[in-house]
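The form predicted on its own is given below as one chain in structure tokens.
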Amino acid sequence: MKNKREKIGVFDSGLGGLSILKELRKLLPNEDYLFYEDSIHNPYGEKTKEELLEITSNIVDYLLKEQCKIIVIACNTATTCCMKELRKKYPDTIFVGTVPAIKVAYDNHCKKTIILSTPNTMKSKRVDELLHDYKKNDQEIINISGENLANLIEQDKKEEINQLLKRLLNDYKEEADSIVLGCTHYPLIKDQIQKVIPNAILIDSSIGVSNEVKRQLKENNLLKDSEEEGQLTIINTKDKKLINRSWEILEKK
């Protein structure tokens, strides 16, 4: 019997998940997507774990009601804080989460890596686990909180973003060879980050997450059997005007 659930549900605390969505649509162009931008609760990085679990549970309920066959948590904070609990609460739902791409820095033999993430992600047990699993003895890791950077990106406050990036990263611009972007908002300002630390490679999770989504769909026989381009629906919980900005970001090369 054919599964009635047809869409790939993707959610984040606003526009950040677009960095994941963009890569997903490139890899799986025939799939239908529902992107849920929870801008009204942005930033997730400053919420308690209890608040986040309630927020994310409500989003999952909505996405399941909208016939999503798999749910992508396109947010490092929500993944590190809530993924395990959500899997227990919704045992029949396939979840794919997003975590800082520390393994990629390891695989690229980076020597001095900055992990830039939200306050909650930086302090999470999951990041500690990743560092334990992948950090080499000769690899220096600098764990930095991006403070309210995600919120500034959401509001498109370019000058304040530049000032914050300089304050956070200036001390490392001569030494750091890589920056792990531990928040899905941060890839949206790659150009600005690169200006502060021009010689560092920027690493994000979008390709890894997309490959895992494809693997899960294939393994569960849920890949869409169609050669037509899939449809995308975007919902923003705060302001419909932000949806227009999302389309602009998606269409940008």
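None of these values were measured; they are calculated from a predicted model. Don't overthink the numbering: it's just position in the shown sequence, from 1.
Separately, the form predicted together with a small molecule exists; it is not shown, and the next lines address it.
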| query | finding |
| --- | --- |
| Contact flag, residue 184 vs the small molecule in the predicted complex, heavy atom cut 4.5 Å | yes |
| Residue 35, heavy atom within 4.5 angstroms of the small molecule in the predicted complex | no |
| The small molecule contact at residue 150 in the predicted complex, heavy atom, 4.5 Å | yes |
| Exercise: residue 42 in contact with the small molecule in the predicted complex, heavy atom 4.5 Å | yes |
| Proximity to the small molecule in the predicted complex (heavy atom, within 4.5 Å), stretch among 57-65, 44-52, 196-204, 219-227 | 44-52 |
